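Consider the single chain below, provided in structure tokens and representing the form predicted on its own.
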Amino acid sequence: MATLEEIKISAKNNMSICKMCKSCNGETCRGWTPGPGGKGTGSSFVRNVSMLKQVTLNMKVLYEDNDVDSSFDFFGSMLRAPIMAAPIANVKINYGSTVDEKTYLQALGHGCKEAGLIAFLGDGANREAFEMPLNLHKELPNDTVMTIKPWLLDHVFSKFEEVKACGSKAIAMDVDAAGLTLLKQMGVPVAYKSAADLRKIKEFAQVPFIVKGVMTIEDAQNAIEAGADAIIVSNHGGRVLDDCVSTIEVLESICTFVSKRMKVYIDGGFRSGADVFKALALGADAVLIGRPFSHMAIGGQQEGVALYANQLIEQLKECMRMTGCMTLDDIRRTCVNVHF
């Protein structure tokens, strides 16, 4: 079995654009879009990572010794932890990957399944970019979630119809992808969505509907009014708006406002189980992780994804042990300090 370090070296050798930096913090790849970086100056990607370091953990070790349970209920599916792979597509363009898209998707989906987690799958402008993840979703309907771009409504409904036919556990939409200017120039254009649009989509979905790309209380309110079952606090990895606030900075206020009326997930700069713990303590129900999972799929395929996933789970459990948290419900705001 390969080690994570060996898989990282393999990933670096398998990519011509992404430099597989020691710290995946957005500094080297500033402005590389298309590519792995953040938009413009790259400050949004950089800020996502750096602000997570401004949250610290409170150690607590005097308590009765019990086993830690990190299991998480994702709409009826029990995961080993509240961790999911975020949707990243087109690895050839974004990473310069020598591993083809189908192989990458298979590695991501089956690697997460092996580790007891779930992978969100992406979408694209052409038919092939939708069919490849859809075929994997047909194969693993309970272990993957399709994430549809915010196309014009007729196109959204057409794609949702195909996804629903798979017996999907849930369907997501990355509404922040409306800011991807390249998509507007290809095929059916993306379009911003109102609360009324989202309500129509939710009613059509007939399964739990997840809205990805919420960064304000106002948008959280719109998602609630639309009947969304969950939101993902996300700025699209810093790839749609320069000089954007980080996701961890807005998480607590959004969770307080939502007040359990729907699930709140988050992505953006998460790299370790400790980062996941921080988000849970600030109110998130679960965390999505993007670039590192892609690196593991490109460098080690299914084995790499599963190995990284298992590391994340063990890191989260270790943080829980060292803060006196035996279950996810024990992870509270008092477990962390916020320095911003």
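These numbers come from a predicted model, not from an experiment. Numbering starts at 1 and follows the sequence shown.
Same protein, other form: the form predicted in complex with a small molecule, not shown, and the subject of what follows.
Participant: Can you tell me which of 222-230, 73-81, 199-207, 264-272 lies within 4.5 Å of the small molecule in the model of the complex, counting heavy atoms only?
Facilitator: Flagged stretch: 264-272.
Participant: With the partner left out of view, is G35 within 4.5 angstroms of the small molecule in the model of the complex by any non-hydrogen atom?
Facilitator: G35: contacts the small molecule in the model of the complex.
Participant: Is D123 near the small molecule? Define near as a heavy atom within 4.5 Å, in the model of the complex.
Facilitator: Taking the distances in the model of the complex, the answer for D123 is yes, it comes within 4.5 Å of the small molecule.
Participant: For L282, is any heavy atom within 4.5 Å of the small molecule in the model of the complex, or not?
Facilitator: Contact with the small molecule, no.
Participant: Quick one: is A306 in contact with the small molecule in the model of the complex, heavy atoms, 4.5 Å cut-off?
Facilitator: Result no; A306 lies far from the small molecule in the model of the complex.
Participant: Could you tell me which one of S97, S234, Q106, S168 places a heavy atom within 4.5 Å of the small molecule in the model of the complex?
Facilitator: Partner contact (heavy atom, 4.5 Å) among the options: S234.
Participant: Going by heavy atom distances of 4.5 angstroms or less, which of V190, M132, A89, C255 would be at the interface with the small molecule in the model of the complex?
Facilitator: Here the answer is residue option A89.
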